[in-house]
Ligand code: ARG
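Coming up is one lone chain in structure tokens, specifically the form predicted on its own.
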């Protein structure tokens, strides 16, 4: 079930090839999206320049070769050479009926690929804060969408679970005792555990000495130290899973691929880079200098792969990860959903990996850059004390705000129902606020606006879907009845019906676009426009009080397809569709 553009563009392109095949001398006549919008094709103007002909003459010759019987009811040349195409009502009706009968709602994928997505990436024994919100939510929406398009998605949660701080943390665990309340706090308030360890490290010289010794033991593979380290990782997993469950994201323990995973490979990475002449010693450190990366005064910027003290940094680990993802996981596409400030770092890592032969040209690698979440002062969102805002607290604050809205708007609902709805709406609100802006843009966190039932918000979309569901409750029929049978034959006659049907036909194209361009905000924008288009349809075209049975069933068919598209679209964003609001 292609969209109008997907249907018309190949036909117009073929007509261009027929009309000007010789003159174009084999040039690609495919109609670009930029040359086709709102059923107005403007291919004649750029073609006219290449052919040395008046645009209207170009358009007229193309139309002479164009057969759109059964698709368009009207075709005309206007202005300097635009071609206006009017889709036939019967084509629109049959197309949207086919979408409604399709389990995929018109979504067709490309050839399946193996896509590795690196996202979320919290640190063991540290609180997840607001900075983790976007990497987690955007990454999860991309994972859901790409899976829906038929790709094999491999999630990689690159948690920080290795390094010198763990000497301090392990030693603190020894002192407080495994299973003690001080140790178990990692599951609920990991920052408390970390700060207690840090305070000891800074204040007690003997503790600091033991902590440093623990680092040596950890790196040497001492069994007891590794066991204690494993305890900390296990407690942190419980904490991570609590946050992921609250956010309703799809990450699990099987997706964990922390820094420790690559520890044994780091020496080999350095040896191979040095053997290939890609890395050289500079001031005692092993560095990669690439000519395309320079700083002030043209001085080269190094990617340090082994420090002068023999330790390894993020660059080494990231090179090991990309090598593993290509060679062992078989990735065709690798996505890093990481903060925008890491752009230069990843550019250098990718360039080094390609130079080393670990990242072939056949593998696409993308840094999906994530912008910051800002407060009212347009600075990075923090608490009043200036600390990073805890993600768990942020989620609960949103749920509480949604509950307050529900308590005022729907006091008729029982408390248990309002409790469930508040969580679905509150979590959906912060997810949608995050996803509805371009992932590399910053946005101001405005909780009052986010939980509002009006405007471009998550609750508004959830309310729109619930509103459609209520029509079927009033009709006493199941919304799940598939469109396509005789009882739900769709007929398009009214302008509002036509507008809604055309909007529904674009769903597949939008989802494919999200998968190709990695931009979930496109789907958010589409769903908001669809909700508004449905609202206009509902006001203009009575459904349950339609003038006759045929019209009533047709409009119920449009409503059913609208609900299914809304439900599927929200699911791809990781949002629930409440039964009522």
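Remember, predicted model here, so these are calculated numbers, not experimental data. Residue numbers count along the first chain shown, from 1.
Beyond the structure shown, there is the form predicted in complex with ligand ARG, which is absent from this document and is the topic of what follows.
**Student:** Out of 318, 140, 497, 171, which one falls within 4.5 Å of ligand ARG in the predicted bound form, going by heavy atoms?
**Tutor:** Looking at 318, 140, 497, 171 one by one, just 318 meets the 4.5 Å heavy-atom criterion.
**Student:** Which one of 214, 158, 155, 134 is close to ligand ARG in the predicted bound form, taking close to mean a heavy atom within 4.5 Å?
**Tutor:** That would be 158.
**Student:** Would residue 121 show up as a contact with ligand ARG in the predicted bound form if we use heavy atoms at 4.5 Å?
**Tutor:** Residue 121: yes, in contact with ligand ARG in the predicted bound form.
**Student:** Would residue 82 sit within 4.5 Å of ligand ARG in the predicted bound form, counting heavy atoms only?
**Tutor:** Residue 82 lies outside the contact set for ligand ARG.
**Student:** At 4.5 Å between heavy atoms, is residue 342 in contact with ligand ARG in the predicted bound form?
**Tutor:** Residue 342: contacts ligand ARG in the predicted bound form.
**Student:** I'd like to check something about residue 293: if you look in the predicted bound form, is any of its heavy atoms closer than or equal to 4.5 Å to a heavy atom of ligand ARG?
**Tutor:** Contact with ligand ARG, no.
**Student:** Picking from 451 to 459, 394 to 402, 158 to 166, 246 to 254, which part of the chain touches ligand ARG in the predicted bound form when contact means heavy atoms within 4.5 Å?
**Tutor:** That would be 158 to 166.
**Student:** Does any residue in 334 to 359 get within 4.5 Å of ligand ARG in the predicted bound form, counting heavy atoms only, and if so which ones?
**Tutor:** The stretch 334 to 359, when checked against ligand ARG in the predicted bound form, contributes 336, 338, 342, 346 at the 4.5 Å heavy-atom cut-off.
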